[in-house]
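One chain comes next, on its own, written as structure tokens: the form predicted alone.
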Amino acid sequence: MTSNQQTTVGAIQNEVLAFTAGRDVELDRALIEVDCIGSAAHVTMLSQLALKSPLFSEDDVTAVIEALVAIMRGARAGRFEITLADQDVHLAVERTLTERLGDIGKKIHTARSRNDQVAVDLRLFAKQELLETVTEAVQLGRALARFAAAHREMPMVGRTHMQPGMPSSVGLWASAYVDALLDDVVLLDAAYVLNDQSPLGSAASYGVPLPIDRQLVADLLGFARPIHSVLHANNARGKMESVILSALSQVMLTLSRLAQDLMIFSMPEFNYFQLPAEYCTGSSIMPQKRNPDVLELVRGKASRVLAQGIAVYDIVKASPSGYNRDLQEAKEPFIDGLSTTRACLRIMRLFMDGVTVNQAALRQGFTPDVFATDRALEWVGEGMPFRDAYHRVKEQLADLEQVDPVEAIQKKTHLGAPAGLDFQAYGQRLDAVATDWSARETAYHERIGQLLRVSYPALSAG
């Protein structure tokens, strides 16, 4: 005989309840705060509806918001529980409000569905996560820019196909990753702008027969605008997560290549870089080992974030319009992809601050043939056609003389070349990104603070 469990939305057979709730009871802990924020905006809007019998008085709204803030504080202290009977954060918050406020709590779900509720939760969650992701990307960019500037004149063989190619510098190598991160921020910005739209008020995808004010809700939550079509507001669920994960995968691609370079160039056979001992681990059997586990994990996690984006894409690609329960499966890879990318950005920033260079090994990497192209271009400067100079050098490779690599890179003064790097411009670009995104975060926090009537994110009395 099977048994049922009573929930807010009716009796559900225990095994079905456990299966359909999945990991939401655990994963939704990350959404408690944003669920409360969304509920605060929703109840504020409902209180202003022009109905014969008002849904909420101003005192009711105050009581609800105070209770929501109390839930948020309790969650931060580990005192808020989402039970299996709740199924998810939404019903856990509603249950708690009803326990504390009685009938007022029972009215909180008026004119909304868990469909638009989870959609707004994920967008609010993503907004804060993206704000912090960009901050961490800028911090890593600054660490790389410092490293590049400190070693701008340190010669390093430039390679193609992993083989020695032309004279280059440590500064150029590191600066390339600053540019890569700045490009990645452009993608994160596009994802942020697309995410910055409110789905709340779309309910189960088809609106409600009440004169709700979706623009007001969007304004209260600090969104740029509401999503216009209520059906698209829910159809965008999953697609939005896929877009964000796609942008994150590009960040991870940058980090993975940086990690791979550091591993290669710190091998004893190269010995160009010394990795920070405090960020390396030992072997359980070989006492001498100092393993680049951090770098290997970053490389592996890049594949993981990419796979998470593909997984969400694959979940959504065959979904008919309207809500479908398998969208629930997109939540875990989305939350994990954000936290994984942020963790990798933080650890790589710490790692780069501890990397040192071996000037002697870097110089030893230069053999006469590395200067072959430079010699051909010298003849071009004297009037010889390039292809003739190319073949002449190719025929006389054995006769090439060793050149001082520092002098060689100092001749490359054009824009973006080893001696033409504009470190002031890098600093200005990173500062501009930091200023822009900090202003966004400040504006968002102020808006949420006004909504909750406390200082946010501190949750202290205003």
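Keep in mind that what you see is a predicted model, and the values were worked out from it rather than measured. Heads up: residue numbers just count along the shown sequence, starting at 1.
What comes next is about the form predicted together with arginine, which is not displayed.
- Every member of the trio His90, Arg114 and Arg325 reaches arginine in the predicted bound form with some non-hydrogen atom inside 4.5 Å.
- Checked against arginine in the predicted bound form, the residues Val312, Val178, Val118, Leu124 give one hit for a heavy atom within 4.5 Å, which is Val118.
- Residue heavy atoms within 4.5 Å of arginine in the predicted bound form occur in exactly one stretch of 379 to 387, 265 to 273, 221 to 229, 325 to 333, and that stretch is 325 to 333.
- Within 4.5 angstroms of arginine in the predicted bound form, the stretch 202 to 241 places a non-hydrogen atom from Arg237 alone.
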